[in-house]
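Next up: just one chain, as structure tokens, the form predicted on its own.
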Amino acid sequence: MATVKWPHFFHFSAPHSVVNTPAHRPDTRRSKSYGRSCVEPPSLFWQTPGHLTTLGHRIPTSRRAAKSHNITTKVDPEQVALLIKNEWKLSHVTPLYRFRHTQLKLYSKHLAAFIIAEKQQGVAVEVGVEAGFKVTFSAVLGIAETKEDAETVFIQVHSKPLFSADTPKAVWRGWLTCVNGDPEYLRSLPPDFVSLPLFCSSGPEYLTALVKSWFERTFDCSFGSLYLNSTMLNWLAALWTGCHPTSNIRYLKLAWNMPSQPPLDIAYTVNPQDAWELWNSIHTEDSTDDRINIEEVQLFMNGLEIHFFRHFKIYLSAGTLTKVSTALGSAHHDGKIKIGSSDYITTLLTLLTECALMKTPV
């Protein structure tokens, strides 16, 4: 891997307590089994012909600049700490059929029973993991930004040693969220559907697969891997760089994969002040809501690529941007993220929610 650092001399000039399940939805009785109720027919809403387009026509060409918010004033600090503690693998998920935030304790019992039952049927598990599992569902109140957003749901799976008094150990974590979701789309959903389109998981893949399987059986939904394309990574690079004056980003690290033989991976480290000066020469804060448009993002990335070419005669634009990293967070094109600061979590989750919704049939 080639690693390049940005010289310091460079300057570039360019032209409350109530859980939110949206809408009032009638309660319905479910069976006591951990899977789909045998008396409730599966929903065919997402299989309806003519609903196979995506939200692609709603991709925004501008966004509000990232602003620092002390999210712990409205979200439990202990829950926030869990979100910024791990690397998360991203998935998108279709709306959940008859999901109720008021039934989280019941879901905890059903998912635990499902995991144990699947293990007893011979599903492969890691060596050393004992028979007992405890599952907890909890609502993370305060992350939702609009009345259309459903409250975030956090899930933990703990292993319980069979012959030990030790405290159960968390072996898997995951959460479903929706932050600043497309309001027109969310309001268009039938009353029995709840949209939590972004699913983040951390832990053994077999447990991720079991959790997804249980959700699919119970709520008639469907999961898919969520990858981040170069455009989304470009947005994150610009948004995070714009935060430098108020929150030191410490570094801007970019990684490209070049289509050479053998393949060449390039790691490009930019001094944060140089990155900010480049961004500041492109973006002008001339509006009350301080919006950033896609043309500014493209100019910013072009400036980085031009500087690299001047020194190394390599066109980064010929390759694929695979990773963006600052002290505020990191994102990889294969759908892995780390949240480095809770102060900018809303900006990140808004963009990821958008990515997830673009994969959702309507």
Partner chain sequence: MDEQARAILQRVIRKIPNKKLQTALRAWDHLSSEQLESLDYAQPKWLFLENLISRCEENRLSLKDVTKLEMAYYIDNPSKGTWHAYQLFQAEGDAVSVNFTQFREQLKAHLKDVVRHVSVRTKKLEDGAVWIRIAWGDNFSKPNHLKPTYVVHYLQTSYVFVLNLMSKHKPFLYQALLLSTRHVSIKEAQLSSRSLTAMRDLLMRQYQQVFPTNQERTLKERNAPPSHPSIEKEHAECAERRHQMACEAFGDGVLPKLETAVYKLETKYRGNSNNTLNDKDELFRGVVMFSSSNLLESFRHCVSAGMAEGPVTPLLSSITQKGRNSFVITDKVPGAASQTPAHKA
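Residue numbers count along the first chain shown, from 1. What you are looking at is a predicted structure, and each value in this text was computed from that prediction instead of being measured.
One more form of this protein exists, namely the form predicted together with the partner chain; it is left out here, but the text below deals with it.
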Seminar exercise, completed: The one option of 108, 269, 72, 208 with any heavy atom within 4.5 Å of the partner chain in the predicted complex is 269
For this session: Answer with one of 278, 292, 249, 144: the residue that has a non-hydrogen atom within 4.5 Å of the partner chain in the predicted complex.
Result: 278
Exercise. So, in the predicted complex, is residue 76 in contact with the partner chain at a 4.5 angstroms heavy atom limit?
Worked result: no
Exercise. Given that the partner is absent here, does residue 117 sit within 4.5 Å of the partner chain in the predicted complex, heavy atoms only?
Worked result: no
Problem set entry | Any non-hydrogen atom of residue 263 within 4.5 angstroms of the partner chain in the predicted complex | yes
Exercise. So, in the predicted complex, is residue 259 in contact with the partner chain at a 4.5 angstroms heavy atom limit?
Worked result: yes
Seminar exercise, completed: Contact check, 310-347 vs the partner chain in the predicted complex, heavy atom within 4.5 Å, ordered by sequence, gives 310, 311, 312, 313, 314, 315, 318
